[in-house]
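One chain comes next, on its own, written as structure tokens: the form predicted on its own.
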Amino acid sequence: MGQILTAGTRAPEFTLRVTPDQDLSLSDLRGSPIILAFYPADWSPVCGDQMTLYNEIRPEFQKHGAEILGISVDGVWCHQAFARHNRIHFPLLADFEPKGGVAKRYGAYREGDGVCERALFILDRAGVIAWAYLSPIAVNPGADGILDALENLSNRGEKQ
């Protein structure tokens, strides 16, 4: 496993494709807590379980004013089919070209495999990493760590 960016680091800015004709920039969401969920591949069983879980508990994230973004090296068409099949209602961003460029900046890219690590980051309203977690690639990290980190932000006055 690699070395991901740690808490206290300013999150690198990025712009990625969210649909075939639309980009999303990290700065578009500044002012809200942001959950970045890097994951290896849309159609892997563990990734499907992880993204479906986040979709199901998204209302809990929203109670903290947080937005979630899924990021993998899959293309936008793959993301669209995966999201439609799993009824995912948050953005899945394509870190497709240059392949893994954003993941590399976060330390969340598996060079030998050509996929993203299974890494989670919580960004505060100012765009600073408040919490980071690198899960073993075959393990769904669940949402407890995310919810605890969001609660800590809320307790610090980060809630909107």
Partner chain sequence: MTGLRVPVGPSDHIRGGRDAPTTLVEYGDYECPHCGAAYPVVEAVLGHFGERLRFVYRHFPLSEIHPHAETAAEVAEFAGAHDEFWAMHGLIFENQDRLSTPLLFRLAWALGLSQTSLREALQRRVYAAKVRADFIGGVRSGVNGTPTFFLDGRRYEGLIDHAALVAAIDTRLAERQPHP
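What you are looking at is a predicted structure, and each value in this text was computed from that prediction instead of being measured. Positions refer to the first chain, counted from 1.
This protein has a second form, the form predicted together with the partner chain, left out of what is shown; the following refers to that one.
Undergrad: Could you tell me which one of L53, L29, L134, A41 places a heavy atom within 4.5 Å of the partner chain in the predicted complex?
TA: Partner contact (heavy atom, 4.5 Å) among the options: L53.
Undergrad: Counting heavy atoms only and using a 4.5 Å cut-off, do R87, G142 and L147 all touch the partner chain in the predicted complex?
TA: The answer is yes; R87, G142 and L147 each reach the partner chain.
Undergrad: With the partner removed from view, which of 30 to 38, 59 to 67, 116 to 124, 103 to 111 is the stretch that lies within 4.5 Å of the partner chain in the predicted complex, judged by heavy atom distances?
TA: Heavy-atom contact with the partner occurs in 59 to 67.
Undergrad: With the partner left out of view, is E151 within 4.5 angstroms of the partner chain in the predicted complex by any non-hydrogen atom?
TA: Yes.
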